[in-house]
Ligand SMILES: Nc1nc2c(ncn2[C@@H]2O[C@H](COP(=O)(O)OP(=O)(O)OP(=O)(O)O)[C@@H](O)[C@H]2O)c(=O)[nH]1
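The data below hold one chain only, encoded as structure tokens and taken in the form predicted alone.
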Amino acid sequence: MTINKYQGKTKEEAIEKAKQELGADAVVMNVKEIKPKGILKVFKQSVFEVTAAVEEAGTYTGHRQSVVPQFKMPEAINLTADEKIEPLKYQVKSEAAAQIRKVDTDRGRAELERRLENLSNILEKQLTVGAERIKETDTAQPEADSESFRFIKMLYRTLLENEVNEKYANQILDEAEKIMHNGSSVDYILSNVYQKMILKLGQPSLIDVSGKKPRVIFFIGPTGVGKTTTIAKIASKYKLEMGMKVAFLTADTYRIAATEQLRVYANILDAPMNIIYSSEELNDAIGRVNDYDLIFVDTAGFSHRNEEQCSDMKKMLDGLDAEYDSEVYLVVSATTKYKDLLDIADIYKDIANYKIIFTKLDETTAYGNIFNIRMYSGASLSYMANGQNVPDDIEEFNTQKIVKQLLGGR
């Protein structure tokens, strides 16, 4: 893994510098604003510093490689869901013991949160020493490594509690075991796990406004996930913050209130809106607003088990005239059960290649499904919505924030 720092007048400029040097696959690990110091600071502007990383060719990502430890450790970490992970060395046999275990766990989580809050400093230290491993100064190597092993088990438990699938949790910590055998500190282990998870989630993939106009943006997904509200939030940002001309089309004629809801948003934004009653009407409707920058298409929500509606959706998307550039966004709720999300990911993959928008993050505290679906589908993450307020309750997918929360942060 290559990790470097880049500075720019804006966050976007610093990120662009990182991608120019590291390539399009570069992932932002951390962003901070550096404010000027000294008596002349009022005449100077702040700069933004981005810490970015990219996996190197041949970087370890597969099965565990053989490493001979210098001390006695378990041969492998194979933590399964039915394995009972105890934070203490004895089994809980009484109410008093259970209370002790709770205190121990709470202290462990508090320590984990403290370390997560200090991640920026850990990354800085790694860069300062040339990304060399940060090791404990304690000379009692076996004790230090035993602590590292306990720490990894705590990370594993935390990931499961946040509903990261067991398979992916094991993959993450399987990689962490490789560095643990070399006597790394818990801070370095945490930093490594954090970086790996950041890279696996990737940078958010947003609407591409660099191509020819108009760009047609389809929003698809199950019922009740907030597609119409999400469209309004995103369209508002592109119109109000970037000054782009936006237009709306809706094919959601199943839900009585959907059309009126979108019409209200269109009126507020002073944007045209048209209703599509069949897939054949799509290109004609786009032709009437082809001088606009972005055309947002609201589609009908339906059960992924409804084969007829799935077929109709695919027919409409495939029927778009080739002269138009388009993107498809699958909108799903963060509160949906994992098994249902797998089915949704599979069914909609047959309809179109999509990017994913997660909604209703304010209605759950466990974000594991976000990581799970990214790993399962391979689809890029885009936006995340956390409320009903338009246009405020939406943001670009914040990889750093989500990973910190998955690892036990706030």
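Not measured: the values here are computed from a predicted model. Heads up: residue numbers just count along the shown sequence, starting at 1.
There is another form of this protein, the form predicted together with the named molecule, and it is not shown here; the text below is about that form.
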The named molecule in the predicted complex reached by all of 223, 362 and 385, non-hydrogen atom within 4.5 Å: yes
Is residue 252 a contact residue for the named molecule in the predicted complex, using a 4.5 Å heavy atom cut-off? yes
Please determine whether residue 228 contacts the named molecule in the predicted complex, using a 4.5 Å cut-off between heavy atoms. yes
Applying a 4.5 Å heavy atom distance criterion, does residue 196 contact the named molecule in the predicted complex? no
Could you tell me if residue 279 has a non-hydrogen atom within 4.5 Å of the named molecule in the predicted complex? no
Only one of 309, 205, 274, 261 gets a heavy atom within 4.5 Å of the named molecule in the predicted complex. Which one? 261
Assert contact_stretch over 371 to 379, 354 to 362, 341 to 349, 27 to 35 against the named molecule in the predicted complex, heavy atom within 4.5 Å, equals 354 to 362
